[in-house]
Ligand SMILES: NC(=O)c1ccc[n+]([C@@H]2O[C@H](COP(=O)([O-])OP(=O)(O)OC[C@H]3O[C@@H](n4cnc5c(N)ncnc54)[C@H](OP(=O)(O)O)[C@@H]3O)[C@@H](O)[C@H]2O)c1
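Here you get one chain, nothing else, as structure tokens; it is the form predicted alone.
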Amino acid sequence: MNLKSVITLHTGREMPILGLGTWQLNNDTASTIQRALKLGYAMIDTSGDYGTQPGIGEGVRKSGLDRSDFYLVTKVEEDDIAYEATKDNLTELHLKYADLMLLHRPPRYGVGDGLWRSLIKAREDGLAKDIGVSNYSIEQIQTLIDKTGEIPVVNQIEWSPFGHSKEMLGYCQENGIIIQAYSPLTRGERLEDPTLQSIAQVHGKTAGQVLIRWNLQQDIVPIVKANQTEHLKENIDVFNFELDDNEMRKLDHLNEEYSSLGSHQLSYMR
């Protein structure tokens, strides 16, 4: 496993195993994207409501990379007209297609099957290679599948040793859905945990690197935000060590369904 490794989606297409998150990355976004791509990051995650898409588009253009050299994930909102929002996102990014287009979250009522059908059409029209969801529960995903016959390739959800769901992981594995983990570093809130620090010390790594590695070893794709070069490098320096089974169990047992988003429970567990 290395930074160029990929994971195969149920459609047969491939996705990088680690991505750069850009939520609140509004300070010199273009420069950060250029540095990340130069360091070898192959996937960038954004959304229409992040405010980062113009900067991402600029950074990609200045990088000189071919379109096939990077993987772009973006999202439409629950109150969008999904097909038009897909086109608007691509206009902001100055791209012809997204590799992965997600429904950012389920609408307040229902599961957004109309939105999902619009993304299916966007994919059929070449605006996205694959489509998926974000912040969906097991029940919501299953209802979406039952209503449309279309299985998402990804569910992007908050995920860390302190907040995860064995039921969700099992369901996604059974249905060929990849979990993308946002806030995998708990937004820095749990990095001083004694168990985490102890494991990090054994490997000569940081707590953040252990959290990323915990995800990778479960075939979960971490989306990690950083803008300083030091942190960009740190977050990809995770392929020269491995957590053993006992360490993985210890990290699993930290689970308390914790959310770093100001909630005491993960949204997809409610």
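Predicted model, so just to flag it, every value in this text is computed and none were measured. A residue's number is simply how far along the shown sequence it sits, counting from 1.
This protein has a second form, the form predicted in complex with the named molecule, left out of what is shown; the following refers to that one.
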query: The named molecule contact at R187 in the predicted complex, heavy atom, 4.5 Å; finding: yes
query: Y182, heavy atom within 4.5 angstroms of the named molecule in the predicted complex; finding: yes
query: Non-hydrogen atom contact E234 with the named molecule in the predicted complex at 4.5 angstroms; finding: yes
query: Contact of V224 with the named molecule in the predicted complex (heavy atom, 4.5 Å); finding: yes
query: Segment that reaches the named molecule in the predicted complex - one of 169-177, 113-121, 80-88, 132-140, heavy atoms within 4.5 Å; finding: 132-140
query: The named molecule in the predicted complex reached by all of H104, Q156 and L261, non-hydrogen atom within 4.5 Å; finding: yes
query: Contact residue in the predicted complex, from Q228, N27, S68, N240 (heavy atom within 4.5 Å of the named molecule); finding: Q228
query: Within 9-40, the residues that have a heavy atom no more than 4.5 Å from the named molecule in the predicted complex; finding: G21, T22, W23
